[in-house]
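One chain comes next, on its own, written as structure tokens: the form predicted alone.
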């Protein structure tokens, strides 16, 4: 009897672990989410305009392909007869399937939002108790991505709730990315790799560089605060399962240098790159940052290794990220309010990464140095490196053998 119980338990665990769709998000997902700029002020026309601009601006060519509607897309009540979620008829008069079809017609993918609780964060209908029904509905809409939040969840077990929804999506049969938005409260990095393709590691981001924004009952974090909270998590990330430090605030009010630093660090973290700005008002500087293919290639590197902080002194940090073919990304981040000079002796700094089993050793290998943001070739690692980095800015390099 004891052996039979162990066999059944093993089969159950194996079944649960196999629930998510495999082969998705082998590199960090890239796209756009409505929340950071629009909150619940979303509608059909906004989605169409955003999809059009994602294509015409060159963002699609740069790798962005998901259009994700966050909280507020549905009516305040479920259908009284079927219990189904209903798209808000004023915001989306042609229904959600028509919106998805339009996004797909542009060669893009479409995503929606809901919540593990009884209500969403903005008090729209949540999914608790409707997991399999909602999953079938999303599949009927041809949804490619589901962001699943964590509001109104008193008394609910996070691992159980997200596992149930993952199983429901698999049962519905349409492959879609499952974004676990649980804010890191219950250490999702320890269990979510079997459940979804990405999981939030912190509370919400806010469009400030190094501060917090108080909402009264909770606080959102600036870019640097969220960066600090990624410490110790890199071992959990990899192809098909990513740490998610939240969406991008590029183009939402920070200085250009801060936007560049924000984007660079998310690339170094192998984080999902989900734009959160208004494409209709996007400046050339913002577009140039978000479509820098050399920076994106570091984020999307097939090795799938999250970068790490190599050193920190006087608000100047050095970050390293192993890349394919023995190459490396190196990012110097200046968190100070004044410019900083960086001096780095490649031959004296032998960098070893036990996670990737890679070593950056300029004594035995000569690396070519490429400045990712100026898109210029610099000297090789045969010479010591020296440069000035402005306040709240970065110098991002790609080192190739």
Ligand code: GLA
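Fair warning: this is a prediction, and the values are worked out from it, not measured in the lab. C-alpha atoms forming the largest set that superposes within 1.5 Å between two forms make up the rigid core. Positions refer to the first chain, counted from 1.
One more form of this protein should be noted, the form predicted in complex with alpha-D-galactopyranose (GLA), which is absent from this view; the next part is about it.
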item: Per-stretch contact check against alpha-D-galactopyranose (GLA) in the predicted complex, the hit in 361 to 369, 335 to 343, 43 to 51, 64 to 72 (non-hydrogen atom, 4.5 angstroms); value: 64 to 72
item: Contact label in the predicted complex: residue 260 to alpha-D-galactopyranose (GLA), heavy atom within 4.5 Å; value: no
item: Non-hydrogen atom contact residue 220 with alpha-D-galactopyranose (GLA) in the predicted complex at 4.5 angstroms; value: no
item: Contact label in the predicted complex: residue 181 to alpha-D-galactopyranose (GLA), heavy atom within 4.5 Å; value: yes
item: 4.5 angstroms heavy atom contact with alpha-D-galactopyranose (GLA) in the predicted complex for residue 210; value: no
item: Non-hydrogen atom within 4.5 angstroms of alpha-D-galactopyranose (GLA) in the predicted complex for each of 268, 315 and 393; value: no
item: Answer option from 328, 113, 279, 206, heavy atom within 4.5 Å of alpha-D-galactopyranose (GLA) in the predicted complex; value: 113
item: Heavy atom within 4.5 Å of alpha-D-galactopyranose (GLA) in the predicted complex - residue from 233, 121, 167, 86; value: 121
item: Contacts with alpha-D-galactopyranose (GLA) in the predicted complex, stretch 128 to 165 (heavy atom within 4.5 Å); value: 147, 149
item: Shift of residue 80 between this form and the one not shown at or above 2 Å (CA, core fit); value: no
